[in-house]
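Only one chain is given next, in structure tokens, and it is the form predicted alone.
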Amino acid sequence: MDPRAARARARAGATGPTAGWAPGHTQANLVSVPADWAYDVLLFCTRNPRPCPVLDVTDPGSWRTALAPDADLRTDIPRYRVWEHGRLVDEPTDVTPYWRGDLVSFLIGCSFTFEGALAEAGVPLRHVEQGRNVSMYVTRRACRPAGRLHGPMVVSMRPVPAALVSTARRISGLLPAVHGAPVHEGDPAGLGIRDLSRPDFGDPVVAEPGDVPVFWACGVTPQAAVMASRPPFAITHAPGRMLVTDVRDSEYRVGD
């Protein structure tokens, strides 16, 4: 499907993960906060660019983004999360009733964006093959605090055949605006992850013989910061459910 069709699908009620939607187009994570928290979020993202690469920031109250001018940030993501004081209070498919005139929205790069390039290079995407959401884990690596925001880095994990790990590292490294190269490869204990079969977000993904777990910084990190820092109100995407934008992946590619 093309990006407009993908957004229309979300608006019509599709709630599944967006991995594989509109291949070749950038996907984005969402975090919307009251304006008096916006500088904290911007500073947090600036200090933690691997998990939180900012692609766009809206004006207060706006539900439009330059990444997809006809998109509506209130309706065009398959599922949202609504937070009050760090507590999850709702997971609707439409946040129009919750929208406020002081909300500033941050669109943050998503690793789903480089999956098309990985597939083209022959790197299998096990979660797509298995019809599952990607596995995401809270790590023991603390992000650099910013103002009132603090929290751990979240990573996404993809099992990659050992012979293709270097390929996955090289391909994703060409797209730093959507998390770039992996932050860890191999033993999950190095990130403080005890059990790959029990992700904190998303679904468990079954590895094939010879696969190595490869971990990328993840745009769910701001949600971990919301849970830890407890701003009075926030809206985010539900993990694995992104905004599909009109921007081509190639616009964020930095080399060959």
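Residue positions are given as counts along the sequence shown, with the first one as 1. Here the structure is a predicted model, which is why all the values come from computation and not from measurement.
Missing here is the form predicted in complex with a further copy of the same chain; even so, the following discussion is about that form.
J.: Can you say which of 169 to 177, 156 to 164, 128 to 136, 70 to 78 gets within 4.5 Å of a further copy of the same chain in the predicted complex, counting heavy atoms only?
T.: This holds for exactly one stretch, 169 to 177.
J.: In the predicted complex, does every one of A38, L42 and A66 come within 4.5 Å of a further copy of the same chain, counting any heavy atom?
T.: Spot residues vs a further copy of the same chain: full contact, yes.
J.: Looking at D195, D187, D59, E208 here, can you tell me which has any non-hydrogen atom within 4.5 angstroms of a further copy of the same chain in the predicted complex?
T.: The option sitting close enough to the partner is D59.
J.: Going by heavy atom distances of 4.5 angstroms or less, which of V123, V95, V104, C143 would be at the interface with a further copy of the same chain in the predicted complex?
T.: By the 4.5 Å heavy-atom cutoff, the listed residue in contact is V104.
J.: Contact between R47 and a further copy of the same chain in the predicted complex at 4.5 Å, heavy atoms?
T.: Output for R47 is yes: heavy atoms within 4.5 Å of a further copy of the same chain.
J.: Hey, in the predicted complex, is V54 touching a further copy of the same chain, heavy atoms inside 4.5 Å?
T.: Yes.
J.: Do V254 and a further copy of the same chain share at least one heavy atom pair within 4.5 Å in the predicted complex?
T.: Yes, V254 lies within 4.5 Å of a further copy of the same chain in the predicted complex.
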